[in-house]
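A single chain, nothing else alongside it, follows as structure tokens in the form predicted on its own.
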């Protein structure tokens, strides 16, 4: 991972309620949000040497900052998301425009299906996991599996607080899986146990999962995650990862954190 798509939080705010975290009464401190975002970007650019591609923020699109949901990038192809909620569907044309400007071959979602990008589809080089029920539809995964010749294992998300897969699961570069098991149904937990050796499971405690400990960005042996998750940091450090904790509580008001604010472009 050497390039990330990001979007400055110039117009970030809580303007509607489409997940359990969002409350119109919980106003965003814009100065604090901007400072937290800049700190996160500084870690990516200065500490980890990542190239950041910045989208232009747009008034009236407060969640454009969460670029993980722009779509999915595989090689020179970008699959543009189709959001479940109308409030976020207004972002789709802007994400598609950006991808086309950058020269990507654009793939759109079939009518009647919803897919919310890299927020719900992530994994390892040979196997991907696809979250469904809350936002994305399971019917997208056979289509994407055939298109990209990758195995995609669907995982049902059963807790509304963990409405995207990247809020409760993070595949790590060493083959480990950082995740919160209770976010998945029984079959999902069984699949993860069968496909990933249990010694590679890093189970996050609930109180840190609710601080979005799993909404992390792994770059080689570095993991960037929200502050306030010491147990998770300990689990990662025991496996040889360097952790970079960032205060992102302003973005948690909208149900997002470090991973939600980025989209891998390679």
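Positions refer to the first chain, counted from 1. Owing to the predicted nature of the structure, the values given are computational and were not obtained by experimental measurement.
Form predicted in complex with a small molecule: not shown, discussed below.
Exactly one of the stretches 66-74, 225-233, 197-205, 26-34 approaches the small molecule in the predicted complex with heavy atoms within 4.5 Å, and it is 66-74.
Site annotation in the predicted complex: the residue of 150, 94, 88, 114 reaching within 4.5 Å of the small molecule with a heavy atom is 88. Under a 4.5 angstroms non-hydrogen atom cutoff, the small molecule in the predicted complex lacks residue 7 among its neighbouring residues. Taking the partner from the other structure, the small molecule in the predicted complex has a heavy atom within 4.5 Å of a heavy atom of residue 22.
Among heavy atoms of residue 167, some come within 4.5 Å of the small molecule in the predicted complex. Proximity of residue 246 to the small molecule in the predicted complex falls outside the 4.5 Å heavy atom cutoff.
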